[in-house]
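One chain comes next, on its own, written out as structure tokens in the form predicted alone.
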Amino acid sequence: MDLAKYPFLAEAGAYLRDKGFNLEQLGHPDWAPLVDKAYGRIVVASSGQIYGSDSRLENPDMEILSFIVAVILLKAASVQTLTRRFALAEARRAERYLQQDLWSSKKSLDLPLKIIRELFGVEVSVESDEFVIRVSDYLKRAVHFHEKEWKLVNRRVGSGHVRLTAHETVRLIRTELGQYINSRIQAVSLPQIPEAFQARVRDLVSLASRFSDAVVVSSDYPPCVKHAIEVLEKGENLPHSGRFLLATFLLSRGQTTDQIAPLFKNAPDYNERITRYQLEHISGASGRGTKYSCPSCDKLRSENLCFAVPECDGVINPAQFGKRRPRPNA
């Protein structure tokens, strides 16, 4: 069932209500395996992994119910770090299914195209096995990517539209998908939860303590970098462009991968192996040996990552912040 792939949709909740499921029923001891499954779904998300990576949906009702119970447990635990990690992991899970559904020639494209259109306002049409969107919709999202292939000059453009693969189409809305799922969780009004849920709520509070380390922000960092660190410290999702800024700035200040990697620990999608790989790539220590430079202030302004203060006057790159000498008196 498609709703098991996208349990955050309103249609999934309506489906369960039509089948007669309710919270009081789920608190019965017979449903303990479901509560454990929901808790495990959160634990998987907290580690930066994607739940259900084997792609099998043998019991659609249990898949939808485990998502809903997981949301209830998160609301009861009231730990924003875990909630953000869960939302992002569920977005990555949905992204995988969206991509599969767009690729499949045996399935109707109505649902995935409807999700992209109604949730994010992106109208997608299909032409010769390619997905076509407006240039304006593309630029609004691609501006956050630094890879050359995302630059408009490297895309196939015609009549005000951009042609994309299934993967690229879904990749564009990844951040918005995570934000949407998080907003759905935040909007939930939590009733009195069953006693059977309480032990797992306490387990979540304990789990959250792993991600509570504070980050020290140096006073000589520019405001854009301070903002990036503060976002991570709060367990919020820093966009790719913000992570790129933070990594390149700290590398320009002589910090090592070992020193920088822990700053990303609170990111909702934190994965130590991937984080270190990306830092090594940016530093030039892996791959082709290309070392990336800190993006310019103009670039950061175009990505809404600039938080200029008077001390930024005359600075054209964050790496220059705090290094300029005062002008001699006239």
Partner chain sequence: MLERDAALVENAIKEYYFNHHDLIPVPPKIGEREFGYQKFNGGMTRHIAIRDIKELHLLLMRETPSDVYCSNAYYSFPSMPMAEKDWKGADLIFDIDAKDLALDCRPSHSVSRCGTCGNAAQGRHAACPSCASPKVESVSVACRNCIDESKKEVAKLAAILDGDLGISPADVQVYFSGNEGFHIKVPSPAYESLGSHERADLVDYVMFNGAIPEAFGMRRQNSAKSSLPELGEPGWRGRVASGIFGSRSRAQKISRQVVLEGYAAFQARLDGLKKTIGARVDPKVTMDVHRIFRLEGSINSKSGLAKVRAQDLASFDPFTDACLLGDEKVEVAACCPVPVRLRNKKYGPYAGERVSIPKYAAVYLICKGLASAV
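Given the structure is predicted, the values throughout are model-derived calculations rather than measurements. Whichever C-alpha set is largest while still superposing within 1.5 Å between the two forms counts as the rigid core. Residue numbers count along the first chain shown, from 1.
As for the form predicted in complex with its partner chain, it is not shown, yet the points below apply to it.
Although the partner is absent here, residue 187 is not a contact residue: none of its heavy atoms lies within 4.5 angstroms of its partner chain in the predicted complex. Interface membership of residue 258, defined by any non-hydrogen atom within 4.5 Å of its partner chain in the predicted complex, is ruled out. Its partner chain is not shown here, but in the predicted complex it comes within 4.5 Å of a heavy atom of residue 159. Proximity of residue 296 to its partner chain in the predicted complex: non-hydrogen atoms within 4.5 Å are absent; the residue sits far from the partner. This chain is displayed without its partner chain, yet in the predicted complex the stretch 133-141 from 133-141, 69-77, 88-96, 187-195 comes within 4.5 Å of it by heavy atoms. Residue in contact with its partner chain in the predicted complex (any heavy atom within 4.5 Å), chosen from 23, 315, 306, 16: 306. This chain lacks the partner; the member of 220, 149, 110, 127 within 4.5 angstroms of its partner chain in the predicted complex by a non-hydrogen atom is 149.
With the core superposed, residue 161 shows a C-alpha displacement below 2 Å between the shown form and the other one.
Relative to the superposed core, residue 227 undergoes a Cα shift of 2 Å or more between the shown form and the other one. Cα-Cα spacing of residue 301 to residue 179 is enlarged in the predicted complex versus the present form (difference of at least 3 Å). Compared with the form shown, the residue 301-residue 84 C-alpha separation increases in the predicted complex, the change being 3 Å or greater.
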